[in-house]
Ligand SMILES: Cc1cc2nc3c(=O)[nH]c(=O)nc-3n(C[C@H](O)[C@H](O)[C@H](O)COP(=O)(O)OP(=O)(O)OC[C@H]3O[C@@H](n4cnc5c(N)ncnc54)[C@H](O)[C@@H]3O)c2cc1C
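We begin with a single chain expressed as structure tokens, specifically the form predicted on its own.
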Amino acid sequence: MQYYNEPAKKIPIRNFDVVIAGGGTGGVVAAIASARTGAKTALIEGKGYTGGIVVEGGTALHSFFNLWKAFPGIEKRQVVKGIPQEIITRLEQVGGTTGHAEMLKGYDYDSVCTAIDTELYKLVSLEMLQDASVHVFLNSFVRGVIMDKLKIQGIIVESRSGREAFYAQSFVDCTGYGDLCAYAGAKFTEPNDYPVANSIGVAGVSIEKYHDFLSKNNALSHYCEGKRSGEMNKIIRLDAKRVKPPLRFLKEGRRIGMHTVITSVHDDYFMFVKLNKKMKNSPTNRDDVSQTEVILRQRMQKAVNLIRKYIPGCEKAFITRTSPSLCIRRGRLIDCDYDISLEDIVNAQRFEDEIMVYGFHDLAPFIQIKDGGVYGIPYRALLVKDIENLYATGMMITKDFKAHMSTRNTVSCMGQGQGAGTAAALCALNELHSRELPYSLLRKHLLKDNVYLGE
């Protein structure tokens, strides 16, 4: 391979207390938490909007509650509150969510369905960042790190305005891919054990007729009613189960990685139809990703054709929304001070340094937290090994595949964001390394900001 030596040049420096890389599911919450704690906070996001997987790759937000409905007699608890719940409240005010509607069928998977409007979520998250006085830098990318031994001094940020150095006391990686951690020299693995996906919004459909189609063929597995187009008691979530012999619709859909679950906050609209593809290489491999992007877009059109062909009332279905690029479930797994295990999750393990508790597992009903309980996510699970002032959050933590099927979910990422953003701000304002922060101080601030810690 040939190489080119890039000439050195001076670039301008901007100074902050905290820098958050990635304005997605956890990054939005981390930035708001940091700024509200009193830190001058920068949020770096590569796209022209915020929200990440919440608005690009999901179906509903899983989950603000414990799995109480699957365990008769267990108390219903909202276990994720704080800033994540504030986002839902703001969305409710503008008609951008179903709220926390209770599942009527399929509640051994999740007890609630919290569906959102993707475009309103982008707007609400941006407005909340503005309200918190976060310095938001959209269409901007992390391109390098300035290290001083085991401490990050600053990061290189590039946009159409050029290259800049953002200096700060604390840093949080919310990129999903672990880009900032990798630039900083953190140890990581890339197991490539999940499919990637892209999701589409589909209009010209009938949710009621999709329900009738699944019910008629004894294929209905999920059913939930809630607020849709401003009216209560309307269908907001459906999913199909495998039936024998399989419906041709389901069989052909599986060939293209199509999920049959749909959620919606609007009439005649499937907010998310997800298409999966297993890649040969890690999603950090540019060339493989480029090929997969094409395949996924071909699958999107095939999915719409299947909907038109097989589901009554959907003969004029068409794509109204796609994600700008494929979505991952995890890329780089960052080595942190503690690695959450499946045993921790299913046994409802609690820790002395928790930043949140959580009660959802994406492999339910086959894997559940015992007795409809919750497990804790410890502060040390976010501390990147061998680096003094860097946090990793969301899908970048938890190495075990089955354990990761819990911690990577959207509401978990949001809660981790609040914990990391608060901690990063406290460290910056008190001139502490991440491992020097007294947990009593962090806990005090989290409780003040309405984080539920399972008391």
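In this text the structure is predicted, and so the values were computed from the model without any measurement. From 1 onward, residues are counted along the sequence shown.
Not pictured, yet referred to below: the form predicted together with the ligand.
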If you check in the predicted complex, is K105 within 4.5 Å of the ligand, heavy atoms only?
no
Indicate whether G359 is a 4.5 Å heavy atom neighbour of the ligand in the predicted complex. no
*Considering only heavy atoms, tell me if H222 and the ligand come within 4.5 Å of each other in the predicted complex.*
no
So in the predicted complex, is the ligand close enough to G26 to count as touching (4.5 Å, heavy atoms)? yes
The one residue among A39, A403, V54, L67 placing a heavy atom within 4.5 Å of the ligand in the predicted complex is V54
Checking I328, A240, V265, I152 against the ligand in the predicted complex, the residue with a non-hydrogen atom inside 4.5 angstroms turns out to be I328
Counting only non-hydrogen atoms, the one stretch of 248-256, 282-290, 135-143, 90-98 within 4.5 angstroms of the ligand in the predicted complex is 135-143
Contact check, 38-65 vs the ligand in the predicted complex, heavy atom within 4.5 Å, ordered by sequence, gives I44, E45, G46, K47, G51, G52, I53, V54, G57, G58, T59, A60, L61, H62
